[in-house]
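For reference, the chain that follows is the form predicted on its own, supplied as structure tokens.
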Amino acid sequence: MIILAIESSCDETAAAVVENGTRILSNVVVSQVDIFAAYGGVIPEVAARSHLEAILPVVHKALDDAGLTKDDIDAIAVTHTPGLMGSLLIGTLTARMLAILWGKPLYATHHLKSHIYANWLRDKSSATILSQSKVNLSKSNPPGEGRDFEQVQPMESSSTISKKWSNCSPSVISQRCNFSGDAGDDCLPEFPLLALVVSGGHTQIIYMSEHNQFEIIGTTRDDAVGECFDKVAKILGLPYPGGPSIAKCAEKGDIRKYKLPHPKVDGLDFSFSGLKTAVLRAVQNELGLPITTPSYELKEHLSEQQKADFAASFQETACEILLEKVAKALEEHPEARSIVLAGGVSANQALKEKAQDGRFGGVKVFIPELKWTGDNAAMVGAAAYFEVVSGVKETDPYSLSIAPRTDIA
């Protein structure tokens, strides 16, 4: 089963071609990070306009890199929730258009579900990552050149794919899915599992009893951990995005220099707004400045070593908070056979090392390859594939709508 997948939920325009949910035939990402570095964050309207410019050339390149045409594609997948409204619209409208024109079944996927399924990607090829501000996309495979987007084919009322794969039992799904490859079956997550989803907009622990079954058992009550990284980076005067900046700065810092609190939150929920404020107060105290001092003025008074020490202390605390909750979730679900990390923050080297230090006993820990931790379309293709084999029905391209905020289901 070959799926053309599209992702545009925030500030990356991406398209990929994925075979059987695990093998990546192509993956193209146009990043807007250099555009928003000057602003310290994403501007939704600018992101949407950038997606509009990039989306068709990116789809062209994904097909070209895979050496395929529309006739080779079995289905189209796209992220429809959650994300920035304008950004989601560009991706979903493109996917709807292609599904109608090409007569292909359409599958709308949840962004967090896609991040989780990045752990099933096993292809060793590298992604094509382009910088939008440095690439003139309008001259690269312009619409209508090299691809026929105008040929209309009648839509079938029920696709062949849906008939072939729907209503399968878990055992049949296991037999039909191509789990072979370079990694081997023993290197894939086993169910039931716990997923720690950590990104700029989400921090959740999700329990999965089997494919496409999700139960949120822990979530943040305020800031997401990735958002906290960004805000602390701004306090320290480090560039956007905050995650990589803090990780790099922390390499020269002392993780024990500043003692930061662990929020007292019952159950498996998280809270990171207090940690962000604690860093702010610690910096003000270290500099001998009153608490009325604006956060944006503090960076001018910090030495490079102080920045490194604060970055290291914060990163250590944030990672421990995350993994303490995972350990507690494992106590409540001792039947879990795997733990998977997902989302942009799973790229953090300190978090990865701590998650694999043996603290979870014999439970296997899975972390996506670095190139698949950020937003990309390959993970969307993987998620859509496991929806198909789990019996999820295709989406009507004429009625698909976006949902800026929706819980995973």
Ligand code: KG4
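Small disclaimer: the values here were computed from a predicted structure and weren't measured. Start at 1 with the first residue shown and count on from there.
Another form exists, predicted together with the named molecule; not displayed. Remarks below refer to it.
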- Item | Among 261 to 269, 84 to 92, 192 to 200, 282 to 290, the region lying within 4.5 Å of the named molecule in the predicted complex by heavy atom distance | 192 to 200
- Query: Heavy atom within 4.5 Å of the named molecule in the predicted complex: which of 105, 218, 253, 241?
  - Reply: 241
- Message: For the three residues 111, 348 and 375, which mark the spot I'm curious about, does each lie within 4.5 Å of the named molecule in the predicted complex through at least one heavy atom?
- Response: yes
- Should residue 309 be classed as touching the named molecule in the predicted complex when contacts are defined as heavy atoms within 4.5 Å? no
- Does the 4.5 Å heavy atom contact test between residue 229 and the named molecule in the predicted complex come out positive? yes
- Message: I'd like to check something about residue 343: if you look in the predicted complex, is any of its heavy atoms closer than or equal to 4.5 Å to a heavy atom of the named molecule?
- Response: yes
- Message: Contact with the named molecule in the predicted complex for residue 329, defined as at least one heavy atom pair within 4.5 Å: yes or no?
- Response: no
